[in-house]
Structures are given as C-alpha cells and as structure tokens.
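As a starting point, one isolated chain is supplied in structure tokens, in the form predicted on its own.
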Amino acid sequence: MNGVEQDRQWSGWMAKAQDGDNAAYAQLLRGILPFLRVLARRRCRDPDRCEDIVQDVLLTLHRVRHTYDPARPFTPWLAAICDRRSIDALRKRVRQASYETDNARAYETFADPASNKEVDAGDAAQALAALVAQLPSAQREALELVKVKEMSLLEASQASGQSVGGLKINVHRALKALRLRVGASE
C-alpha cells in the first residue's frame, strides 16, 4: 500500500472514529503505531524515550481527535502532532538535565558508613515530641489538629475555637519553628 492509499485509509478510520466507531478507532491506533515509532526514532535514539514519545502522541491524538478535518490529509496532521510531542520531550530532557545529575554511586543505599548507624525510632519520636512541646500552645494545638489528627481546617477551627486563617498561620509558624529547631540540632 502506498502512502496516499494509507493516508486515505487512516483518514477514513479517523472519520469513523469521530462518529463513534470504536472498531475503526482501534484499527487506526494499530495502523499508525509503526509510523509513529519511526517518526519518534528520527528525533530520539533512546528506545525507552521513543516509546514514551509514542505513548504521549497517542494520548494527544485521543485528546484532540475531534479537531481533525476528514477533508484534509491525515498523515501530515499526525506527523505534526508527533513532531510537537518529540520537541516537548526534548525540551523536558534538557530542563531535567540542567538540575539533575546521573551518578550511579548516588543510588547506593548506604554509601557512607556513618549512615549505617541505627537510629531508634522511639528516640526520634521523643525528640520530636520535646520540640513540639516547646511551641506556643496555639501553634501546638493547630499542628496537632491539622497535621497529626488530619482534621480539615473547618473541623479544626470548630474544635479549637481558632479561625481558619489563624489555624493556617499557626500551622505555618509551627512547621517553620520545628524546621529551624531540627536544623539547629543536627
């Protein structure tokens, strides 16, 4: 089958899929998969990333299938979607590379012998309880109701008599104080 016939077939399946024909949509997805993989490989050499691009294109196709005009060729429309998704994937990879590093040794669980010290969970809980006990009563109460008991702000407000805004402020201040105290004790 040449490219023009294939485009007509894909266009027909897409038109039927737009009308609600699930079988035609399934045929279309199976039919375009090899084409999408070739397009993705042109932009990306890593097979895993190519497959991610293909999956992203399929999701995008599903989301925007209503925008396809059956009077126009299908293949260029699909290729444009694949091209844009490939560019997006490349941009994402560049962004990630700017703040992430790939270091195999960084993934070792216990790279530093000092990290193998056994920490007693009970000691850590007692230390945290002591730090929480040092907080002002309004902050301590807000922290316990919202974070420990996991009450909604409205429920915690009714239980404590503090306003919702006051609870937010007290929780924020309590967490900030705990962070500072934990940082200072390390």
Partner chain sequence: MNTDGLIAELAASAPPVKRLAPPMTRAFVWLLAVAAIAAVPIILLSNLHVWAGRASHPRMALELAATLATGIAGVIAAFHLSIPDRSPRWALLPLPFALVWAASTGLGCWQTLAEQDKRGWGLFQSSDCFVVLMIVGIPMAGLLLLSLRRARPLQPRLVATVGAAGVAGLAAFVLQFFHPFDVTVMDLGAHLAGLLVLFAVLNLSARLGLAGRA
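Not measured: the values here are computed from a predicted model. Numbering follows the first chain given and starts at 1.
What follows is about the form predicted in complex with the partner chain, which we do not show.
Just one listed stretch, out of 38-46, 141-149, 154-162, 64-72, contacts the partner chain in the predicted bound form at the 4.5 Å heavy atom level, and that stretch is 64-72. Not displayed here, the partner chain is approached by residue 58 to within 4.5 Å at the level of heavy atoms in the predicted bound form. Remark: residue 89 does not count among the residues lining the partner chain in the predicted bound form, judged by a heavy atom distance of 4.5 Å or less.
Proximity of residue 80 to the partner chain in the predicted bound form falls within the 4.5 Å heavy atom cutoff. Remark: residue 15 counts among the residues lining the partner chain in the predicted bound form, judged by a heavy atom distance of 4.5 Å or less.
Using a 4.5 Å heavy atom cutoff, none of 125, 166 and 179 lies near the partner chain in the predicted bound form. Taking a 4.5 Å heavy atom cutoff to the partner chain in the predicted bound form, the contacting residues in 26-42 are 26, 29, 30, 33, 37.
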